[in-house]
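Below sits a lone chain in structure tokens, taken as the form predicted on its own.
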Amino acid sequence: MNIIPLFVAVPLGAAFILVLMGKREIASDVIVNLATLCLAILSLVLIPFLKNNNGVFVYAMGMWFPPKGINLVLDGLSLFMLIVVNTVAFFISLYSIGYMKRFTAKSRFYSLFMLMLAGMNGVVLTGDFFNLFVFLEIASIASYALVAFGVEAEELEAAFKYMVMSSIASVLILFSVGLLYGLTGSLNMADVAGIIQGENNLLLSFSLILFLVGFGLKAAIIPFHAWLPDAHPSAPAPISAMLSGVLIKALGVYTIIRIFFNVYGMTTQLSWTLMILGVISMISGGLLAIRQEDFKRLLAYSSISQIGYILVGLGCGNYWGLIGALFHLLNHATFKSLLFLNSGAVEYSTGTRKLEEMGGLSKVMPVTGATSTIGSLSISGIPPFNGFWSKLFIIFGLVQAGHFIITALTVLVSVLTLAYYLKVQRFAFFGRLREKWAQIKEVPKVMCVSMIVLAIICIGTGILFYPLMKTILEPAVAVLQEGTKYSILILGG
């Protein structure tokens, strides 16, 4: 149980130390990678402990037990998210060793990165609404600065737009928290879930709508997506990977899942709302992506489309829909992080993000080309890669629930996804190598390692999907299926 607060304490401590490093780049590289590696290992170490403790740990800060005081909750869902967030963060920090050499103030970048990681871990673990908001803001404020880190006009504009949209989301979330506190007299999620269970109050419904819009903005669900296509391409590649791979899921998708399933409880209306938003995001994101000529902008719109798959699976609500949604969340964190790192490697070597200016890059950047192909096939749902299984499980769930039209749309969007990733491969990596790129070289080895390992994970989780389901996915699905029984589990834990 004493491991749980380390997921917040370690990155916060590392962020403080990294600020003091100044120009000591090697020391900064070592500290940030040791911290992220430790967190990734700790998240995996917790799997057997959680299984032996009936699937839940409640850590009471200062021995003030819930519903009083601050508590951190570790269950199947929060552990699943910790594994995703901290594993991806480690490979991105490893990649940053080489990539961030072109920027000044590398230690400040790392400090902001660790601050963002602390915020995400806090959001995943917190058991009360006020601290959810606090950690949400820690992660968000760090991400604004990271988007603007290059301090060029494009980056500053994107960061400002992101900050304005995200601040609106924060106000809506805080107002909703205030409404809940006024109605229940409590901020503890489990306690609130117990109090409002069975209530049919207009203010409760209004607070739910505010949460949906606020966290929908954080998750960049259409029509709340306007900030994402600018913020993701403008940020340095490691931050683009972090934003798209885990931030929008930890601050947006995870919070929607936790609050809708475990506090308010899923209803037919909520299920249809998630499915409709998911279908709109899937189709619109895909159609917008296929029109893009900027490599990173295409990936940004693709993220919106893939978040749609997760929402459709969640809205479906049965076992296959839920396991497909969570598996796709894990897979998207892996292959989208990989693809953003690939785009960063291309920009690192060529200085451009325009697909029409590339061509034949696999001949001079074989690691980037090969790993990009694996990432593209994975996200397109080609067997035996991981994306195939998560999309198949979502389709199983939709068929089982009798949503045949949405099933057909899901399959068609997967074909659309394959089309625009084939476009990426054709324009960027295949074909004739342009003369101006004949002398460029592959990116530094440390950047290649991150891309290679993420590509191996895409293949490995596709082949070994069954043990993965039994180990980390099914405990997370069980939390969602228990719904508002979460209240009893936590207050009794």
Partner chain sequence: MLFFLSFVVFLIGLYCVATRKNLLKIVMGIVIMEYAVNFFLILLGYRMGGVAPIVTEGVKEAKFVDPLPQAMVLTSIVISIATLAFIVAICIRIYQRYHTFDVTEIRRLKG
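Remember, it's a predicted structure, so these values are computed and weren't measured experimentally. Positions refer to the first chain, counted from 1.
The form predicted in complex with its partner chain is left out here; the points below concern that form.
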Looking in the model of the complex, is its partner chain within 4.5 angstroms of a heavy atom from every one of R258, F427 and L473? no
Its partner chain in the model of the complex: contacting segment from 99-107, 163-171, 309-317, 267-275, heavy atom within 4.5 Å: 163-171
Can you pick out, from L74, I239, A159, M81, the residue that has a heavy atom within 4.5 Å of its partner chain in the model of the complex? A159
Could you tell me which one of L355, A148, L377, A401 places a heavy atom within 4.5 Å of its partner chain in the model of the complex? A148
Report yes if any heavy atom of T126 sits within 4.5 Å of a heavy atom of its partner chain in the model of the complex; otherwise report no. no
4.5 Å heavy atom contact, G178 and its partner chain in the model of the complex: yes
Give a yes/no on whether P383 approaches its partner chain to within 4.5 Å in the model of the complex, heavy atoms considered. no
May I ask you to state whether E154 is within 4.5 Å of its partner chain in the model of the complex, using heavy atom distances? yes
Within 120-142, which residues have a heavy atom closer than or equal to 4.5 Å from its partner chain in the model of the complex? F130, F133, V134, E137, I141
